[in-house]
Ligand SMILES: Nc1ncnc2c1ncn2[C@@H]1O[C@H](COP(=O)(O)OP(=O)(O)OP(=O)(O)O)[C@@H](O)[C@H]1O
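Shown here is one chain on its own, the form predicted alone, set out as structure tokens.
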């Protein structure tokens, strides 16, 4: 099962992905989490130690340029870069969960980061297509990643939204683009939901009922503020991660 997650910035997609990873691990699944957000912080959310020593691969410009075969002043680069050793050497593991921090190339000299992003996309595609565990992919916020085809190989896209019109507008845009690129399964997830009115609002505006509703949890907020790993939470989320996994498996 290869699951990607997206949504408007600030809707809590990284928190939900960490909770999902923790529940899958508790159920005995092997889990690979890929952090492909331009501002990655999945390591802290999962409680990975020594996060200050972790550098996203996207920030290793010289390494990416070398793998792409990029030379100064040349418009040509290697369309089939070797990435197997990068997948091996830059993988972190803790308590049965593996983490790869890709990040995303934002800028480059001359205004084009095509070769570097090509290497990142090759790594991402390889992990999605060849991994023998559950893969959870934390995407950047918004819709641009779908236009670049960076979720090719995902079985399911979870679109997180909160009960706000701006969050729902972004969620609907993401769903349209996901349908256009033919991701097999696209599902909405409600987050920061306080009451039945919030649930009704989301269902009405989205045109369908989200798979699950994550509560507006004081425990989650407190954990984030005190830098407690979200994955260790035992309260404030009720049984929602279990319900989400059950829903995903029921649709297989």
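Remember, it's a predicted structure, so these values are computed and weren't measured experimentally. Positions refer to the first chain, counted from 1.
There is another form of this protein, the form predicted in complex with the named molecule, and it is not shown here; the text below is about that form.
- Of the candidate stretches 195-203, 208-216, 179-187, 24-32, only 208-216 has residues with heavy atoms within 4.5 Å of the named molecule in the model of the complex.
- Although the partner is absent here, residue 55 lies well away from the named molecule in the model of the complex, with no heavy atom inside 4.5 Å.
- Within this chain, residue 241 is remote from the site of the named molecule in the model of the complex, having no heavy atom within 4.5 Å.
- Contact annotation for residue 44: none of its heavy atoms lies within 4.5 Å of the named molecule in the model of the complex.
- For the chain shown alone, residue 128 is not a contact residue for the named molecule in the model of the complex, no non-hydrogen atom being within 4.5 angstroms.
- In the model of the complex, the named molecule lies within 4.5 angstroms of at least one heavy atom of each of the following residues of 6-33: 8, 9, 10, 11, 12, 13, 14, 15, in sequence order.
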